[in-house]
Ligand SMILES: C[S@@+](CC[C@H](N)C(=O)[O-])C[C@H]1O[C@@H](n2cnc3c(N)ncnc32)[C@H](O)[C@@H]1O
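A lone chain, given as structure tokens: the form predicted on its own.
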Amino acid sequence: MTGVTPSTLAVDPFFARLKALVIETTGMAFYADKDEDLARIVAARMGETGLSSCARYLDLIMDSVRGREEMDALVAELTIGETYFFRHKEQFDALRDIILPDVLARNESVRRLRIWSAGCATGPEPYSVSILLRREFGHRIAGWHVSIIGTDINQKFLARARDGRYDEWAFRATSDEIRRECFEPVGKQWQIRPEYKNCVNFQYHNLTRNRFPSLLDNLAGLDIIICRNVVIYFSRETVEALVPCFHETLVDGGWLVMGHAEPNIELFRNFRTVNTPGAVLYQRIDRAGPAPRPKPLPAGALPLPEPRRPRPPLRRRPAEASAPATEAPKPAPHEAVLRIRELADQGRWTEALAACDGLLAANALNARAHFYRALVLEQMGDLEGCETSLRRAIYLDRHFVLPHYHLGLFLWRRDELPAASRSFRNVLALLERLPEDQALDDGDSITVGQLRETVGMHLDLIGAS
């Protein structure tokens, strides 16, 4: 141990800079007025690293090579992993009685369902949703493509979530019947059964730093977003910026579930708001006129008035040039890609696929078109087509970084870990000589350094599997 104490660290002249960096990186304004708590956690990490100077520790976490690992370790101590299965029963009741019946009815023709658990910690929330779906609606979703995505900024939590093993304490709100049916005993722990695990994937995502909606991050065109007990740690300004992003990431008619302590109706004015006992729900409704009401509402549910329209778009994309009615010029390739991404962000997958095919009809050797086609096909549940299109994009342009990266993600989700690791290492090789701050083509403004860091995180997760 270094002998540094929380009290001496809190008055160190470099501590303010360290705190600002932590808040900027994690979005956790929760620590803005909690110097003692933050200093205690940082002091413990400094003890682990053998550093006694705040300035030297700050240099460590800002180091482009060594900093990521230490920042991950610090984040693991800062974030709160206290969670358990079926936490806040009222919200799961609302999912069962209001949200899922509405979404399943809407998606009957396409037979797809996409759910995002943002800030999933060690995974009980997305697994609880999977259990609820299979037990309550299994007959209705037989043959559907169901995707539940859990994201977090804590790498240790994600590794544990992917493993799917839990202690007795995680089941304190779960019936013995559900535990026996959905889990298998492994020593003193319980392992979630494959049939409840197969549709759940976990990935790193930082709500305050990573763009969404993002087809590239598999976070677009979602039916349900669950973000509970996360934004309470953010500043109001950060939450004000995040809420429109959630709105844009949902399809028309999609639902947002926030924590019971988080509602601020004014922030959600672009949603239709539904109050239920113990839960507040928000629905994106874009169509003019009165919004359809989920039926039946349980006793006590009180739909609130429809928010006023129109809503300004969150992000402006370059407008397509207008042309005389007698002309119908084909969009340039760049405009066509923007259109594909716009359609995907809205969950209009069939139209997005048609746009990809239109690009390929003009040029079958267009690696970007094959790449975007792969991403769209994955969301549509055509996994074989997704892999084929990714490999074609790589074959046509071996230096196109993102298809290598997404092939790694694809193989990782299928538990083909050695092959996924090879793809991720191909990414690192392609990035090796590029400047850290160079933005990647088609990368949602992600830089070489950021992708290198993200790939490193995935390799860490593979190593922990």
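In this text, residue numbers run from 1 along the sequence as written. Because the structure is a prediction, the values reported are computed rather than measured.
Although it is not shown, the form predicted together with the named molecule is what the next lines describe.
- Of these, F246, W255, F183, F157, which has a heavy atom no more than 4.5 Å from the named molecule in the predicted bound form? Spelling it out, the residue with a heavy atom inside the cut-off is F157.
- Item | Listed residue that, although the named molecule is not shown, lies within 4.5 Å of it in the predicted bound form (heavy atoms), from N270, S214, N201, T79 | It is T79.
- Task: Have a look at 193 to 201, 365 to 373, 351 to 359, 120 to 128 and name the one stretch with heavy atoms inside 4.5 Å of the named molecule in the predicted bound form.
- Result: Looking at the other structure, the answer is 120 to 128.
- Query: Do T174 and the named molecule come within 4.5 Å of each other in the predicted bound form, heavy atoms counted?
  - Reply: It does not: once the named molecule is placed as it appears in the predicted bound form, T174 has no heavy atom within 4.5 Å of it.
- Can you check whether Y233 is within 4.5 Å of the named molecule in the predicted bound form, heavy atom basis? Within the cut-off, so yes.
- Message: Just checking whether V103 would be counted as a contact of the named molecule in the predicted bound form - the rule being heavy atoms within 4.5 angstroms.
- Response: V103: no contact with the named molecule in the predicted bound form.
- Task: Evaluate N275 for contact with the named molecule in the predicted bound form, applying a 4.5 angstroms cut-off between non-hydrogen atoms, and reply yes or no.
- Result: It does not: once the named molecule is placed as it appears in the predicted bound form, N275 has no heavy atom within 4.5 Å of it.
- Counting only heavy atoms, which residues in 202 to 219 are within 4.5 Å of the named molecule in the predicted bound form? Result: H205, N206, L207, T208.
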